[in-house]
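Before any questions on how it binds or moves, here is one chain, the form predicted alone, in structure tokens.
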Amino acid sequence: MKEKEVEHLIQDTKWCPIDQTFRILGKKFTIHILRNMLLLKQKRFNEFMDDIEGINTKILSIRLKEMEENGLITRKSFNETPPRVEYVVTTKGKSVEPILEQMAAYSIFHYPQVVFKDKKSRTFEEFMGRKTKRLK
């Protein structure tokens, strides 16, 4: 694409695409919930409560509803006693995974003194045991 075409597209945008992403994903704990769903395979309310530091039940409920409204997750209710609810990442939600992985890879490599007790730098593959997924 030529520079003038790109410039025209930028001038034509209503919102900055990066700002729009942060409007959806940038609310406190949204990324943490997605991280736990995608990387830790969690899907239950209490799993999120146990593993996301600082979150409370009210905020978790609000974020899950917002994520459902934005099409990032779906809520599945099971007709059991006691009632069971699980949250499942949608295709739209799964498309965030490579971004999360790149964010993790950045800190794993550039800020090992904060991330790791031994303060040694690693690659994402060394940390997760697999390569990062690529953006499509």
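Every value quoted in this text rests on a predicted model; they were computed, and no experiment measured them. Numbers for residues come from their place in the sequence shown, where the first is 1.
Unshown form predicted together with the DNA; subsequent notes refer to it.
Heavy atoms within 4.5 Å of the DNA in the predicted complex map, among the stretches 61-69, 104-112, 33-41, 90-98, onto 61-69 alone. T74 falls outside the set of residues with a heavy atom inside 4.5 Å of the DNA in the predicted complex. For the chain shown alone, N79 is not a contact residue for the DNA in the predicted complex, no non-hydrogen atom being within 4.5 angstroms. Annotation for 81-102: interface residues with the DNA in the predicted complex are P82, P83, R84, V85, Y87 [heavy atom within 4.5 Å].
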